[in-house]
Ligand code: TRP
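In structure tokens, the next block holds one chain alone, the form predicted alone.
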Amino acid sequence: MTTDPTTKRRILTGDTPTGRLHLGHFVGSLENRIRLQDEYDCYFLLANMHAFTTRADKPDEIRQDTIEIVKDWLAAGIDPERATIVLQTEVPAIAELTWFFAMLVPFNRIMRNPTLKTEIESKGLGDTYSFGFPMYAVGQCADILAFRPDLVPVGVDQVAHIEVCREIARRFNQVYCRVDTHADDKDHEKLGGVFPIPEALVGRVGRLVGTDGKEKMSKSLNNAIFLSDTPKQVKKKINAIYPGQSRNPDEPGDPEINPVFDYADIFIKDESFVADLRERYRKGDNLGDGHVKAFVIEAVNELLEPMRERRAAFDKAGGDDVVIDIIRMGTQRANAVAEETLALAKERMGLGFGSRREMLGI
């Protein structure tokens, strides 16, 4: 039996729909979400508004990518009965909070965000990015704080975003709730602050190298193993990884420069078996790169096979229509929380002139 959600601490995290999810997403954040579904009151956000910051001319792609991400979540083990799936564009409180929060953080602070700088460089945006692109860094804070979570499971590259969020939460509480500037983060709510100061929860693998053996796994770099890949696709991609050296099976090798061993460490469950592989590889004990890859392929496919089965079951049950129903039901629940947050924030800001329903005359 799970605990009543109202008595649990809360989690908020999510993904921008830029394509299918891959193994890097899984070990970086997704497996944490699955693990914590019973322990926490979980909200998982589809940040489809943020997708428009770089693909505003491709709304149909964004819509389908949004659906595909939900399929990946469900296949991986996210249960919509235990976690709330939220569509960002249908939670109006997020947009309002984004505007208010933008007044609490200097523009140059946003532009110093190393993750933002990396995205501008990696996507080749130069100085042509839209006004909304840096704004999404503030919007991400609103995504989080609208649900007043305690924890935000993220990959290591998102920690800088969470720090901006923490700064904005502190600033709001200090300016509008009179929380002392020297107060400990953990005491903000107790002292009357609207927002808790959320903490980042980084996955067990901060950075999974892609199949190119060099860069972080990414769809845009064409070096990703997707959660929806077939066994044959997994085999082909892992077999293509360059081991960092040329050698015969009976020659000594260096597992420290072989990215395949990174995968072995992460995905093969038997640690003693991996340690033995490393030692044999190091000695040149009749262990070729193909042998190591075969073990990794087996381990990755063992992880992905239940996901393939769950995805097939959802597709058989109704596919996109089932996913859209799940999104609608979750977003309805999420709006109750976000509207409560917005009302609390506006009251503290002197903007509490009535509920949204009253103002809309409904």
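So that there is no doubt, residue numbering starts at 1 and follows the sequence shown. Since the structure is predicted, the reported quantities are computational estimates derived from the model, not experimental observations.
Keep in mind that the form predicted in complex with tryptophan is not shown, yet the notes after this line are about it.
Contact segment among 43 to 51, 57 to 65, 327 to 335, 306 to 314, judged by heavy atoms lying within 4.5 Å of tryptophan in the model of the complex: Flagged stretch: 43 to 51.
Contact residue in the model of the complex, from Y136, F226, F172, Y263 (heavy atom within 4.5 Å of tryptophan): Looking at Y136, F226, F172, Y263 one by one, just Y136 meets the 4.5 Å heavy-atom criterion.
N113, T89, S218, Q158 - the one with a heavy atom within 4.5 Å of tryptophan in the model of the complex: Exactly one residue meets the criterion: Q158.
In the model of the complex, T84 touching tryptophan (heavy atom, 4.5 Å): Outside the cut-off, so no.
Partner proximity in the model of the complex: V292 to tryptophan, non-hydrogen atom cutoff 4.5 Å: Looking in the model of the complex, residue contacts with tryptophan do not include V292, since no heavy atom lies within 4.5 Å.
Non-hydrogen atom contact V152 with tryptophan in the model of the complex at 4.5 angstroms: Result yes; V152 sits at the interface with tryptophan in the model of the complex.
In the model of the complex, G14 touching tryptophan (heavy atom, 4.5 Å): Yes, G14 lies within 4.5 Å of tryptophan in the model of the complex.
Heavy atom contacts to tryptophan in the model of the complex at 4.5 Å, residues of 114 to 153 in sequence order: Heavy-atom contacts within 4.5 Å come from Y136, Q140, D143, I144, V152.
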